[in-house]
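We begin with a single chain expressed as C-alpha cells, specifically the form predicted on its own.
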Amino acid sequence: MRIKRVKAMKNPQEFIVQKFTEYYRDNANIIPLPTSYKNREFGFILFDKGGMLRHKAFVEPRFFRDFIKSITPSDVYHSAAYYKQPSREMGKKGWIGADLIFDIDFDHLRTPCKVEHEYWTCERCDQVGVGKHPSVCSQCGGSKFKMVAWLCETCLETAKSEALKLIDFLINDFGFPPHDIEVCFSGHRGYHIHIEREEIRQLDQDARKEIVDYVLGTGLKVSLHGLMEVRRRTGHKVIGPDLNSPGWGGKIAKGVYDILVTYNIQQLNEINGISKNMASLIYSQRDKIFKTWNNGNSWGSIKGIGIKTWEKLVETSVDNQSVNIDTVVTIDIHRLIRMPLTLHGKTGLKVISIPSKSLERFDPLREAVAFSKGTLKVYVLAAHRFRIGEDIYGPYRREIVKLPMAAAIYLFCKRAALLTD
C-alpha cells in the first residue's frame, strides 16, 4: 500500500539489531548445535564491527546460547573441521578432520535474469542504475556505489536444481545414503550440502579436489564412457552409453537426450562446433535418432551425423549435467559454514536445514521467513519486484509503503529502504 511521503527518515540499523536481538532471545534455545560441537570453531559477524569474531569454542550448549543472545550477531558460523583445541589460532588448533561441504550459490550460476535484478545505487544521492555501476554518478558526481542483488525466484530455483543434481551424484555415484546428506538453505542465494561420515573426515585437500573434479566433469574423456565409432564393412557406426548406464555414462546419455528433446535449431547452432546446417539436420532427424537409441543403443545411424558432431553434443551434455559448485568451499578443510536456524544478515531470513528427500518441495521464500508478525512503514530507495512469504511486492522507487515486517526487514538488510517515523 503506497502512502504519502513524510520528511523524517533514518538509518534502520538500530531497528534491525533490535529485531535480531528479539529473534535470538526467543529462539536461541532451539538452535541446534552441530555434532561434536566441543571440537568445532564458531565464528560471528557483528553489526557494529568489521570482519569476523572467530576462534570461539563452547563446552556446553547453554554457553553458546547465552553468548549469541548477548552479542546479537548478524551471521553465525561453525567450522566444518574438528579440532583438538578449536579456540586456539589456526596453526595451533590441532586439526582432527572435516566434514564434506558443498556450496551452491546462484551468484555463480549462469541465469539470464541477473541483469534484471542486480543494480547499483549511488551512496551520495541514491541514483539507481542497472548492471555495472559507472565510475562517476551522472546526477551528483559521486564515485561510491553499492551493488544490490535481489532474491530472484528463478535464480533460487536454478540453485535448487543444481543442489538436486549434486544429491544425485552423492547418492548414485558416491554411494552416500540419503539420510547422511543434510541440505541447508543459506538464507540468501543458495544451498549448502553437508556430509558427516567417518570415511570422509580424513580426506585431505587433494582428495576433496578429486571429488570436485568428478562432479564438475573436469578432464572427462567420453571415450571411456562408451562413446566411440565402430568401423565395419557395411559402414561406420557410432555407439554411446545407455540412458541407464551408471555414473557419468548415464549422465552423458541423459544430457544428450535432453538436448535433443528441448533444444531448438538456434540453440543447437549455438553449441560450439555445430553449424546451422548441422543443427537443422539434427533437429529434423530427432525421431529417427530416438528410434535408433531404442534399437541397439546406436547413436549414429543417421547419415551426415558423425562422431565429431556427437562429441560436440556430449561436451554440452557434460556442461549441463555437471554441478556448478563453489570449488573453494569443498576443498577448504578449515571452512566455516552457516548454522541452521540462525539469521542471514543480508536478508533477515533463516538458515533452514532440509532433508534431501524434501528439497524439491522446499520454498525458501516462505519457509525461511523469521519475522512474520507486524507491519512497518518504510521509505524505499529502490526495489525490484520481489516475493517474501506468499505475497509479491514492488517494484518501488523513492516512495513510502507499508509492508509486512519480513518484507520491510528484507529491504533494510539489503540497504534498499529507510525507517520512517
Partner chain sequence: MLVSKEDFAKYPFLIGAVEYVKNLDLKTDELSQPEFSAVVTRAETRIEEALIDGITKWESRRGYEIELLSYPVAVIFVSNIDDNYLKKRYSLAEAKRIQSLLKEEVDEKLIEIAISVFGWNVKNLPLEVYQPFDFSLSFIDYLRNAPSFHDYRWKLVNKRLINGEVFLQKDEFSRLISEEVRKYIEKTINTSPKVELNPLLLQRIEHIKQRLNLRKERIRIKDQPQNIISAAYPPCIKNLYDFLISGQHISHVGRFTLTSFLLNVGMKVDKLIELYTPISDFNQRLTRYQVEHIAGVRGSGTKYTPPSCETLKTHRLCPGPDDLCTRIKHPLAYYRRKIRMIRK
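Numbering follows the first chain given and starts at 1. Because the structure is a prediction, the values reported are computed rather than measured.
Beyond the structure shown, there is the form predicted together with the partner chain, which is absent from this document and is the topic of what follows.
Contact with the partner chain in the model of the complex holds for none of Ile265, Glu270 and Phe290, as no heavy atom of theirs lies within 4.5 Å. Only one of 307 to 315, 347 to 355, 282 to 290, 246 to 254 places residue heavy atoms within 4.5 angstroms of the partner chain in the model of the complex, namely 246 to 254.
At least one heavy atom of Ala207 is located within 4.5 Å of the partner chain in the model of the complex.
In the model of the complex, none of the heavy atoms of Ser138 sits within 4.5 Å of a heavy atom of the partner chain.
Taking the partner from elsewhere, Ile71 is found to have every heavy atom lying beyond 4.5 Å of the partner chain in the model of the complex. The partner chain in the model of the complex comes within 4.5 Å of no heavy atom belonging to Asn277.
A single residue from the set Gln85, Ser143, Asn320, Asn172 has any heavy atom within 4.5 angstroms of the partner chain in the model of the complex; that residue is Asn172. Of the residues Cys184, Leu220, Ile259, Val148, just one reaches the partner chain in the model of the complex with a heavy atom at 4.5 Å or closer; this is Leu220. Residue His334 is the only one in 321 to 350 with at least one heavy atom within 4.5 Å of the partner chain in the model of the complex.
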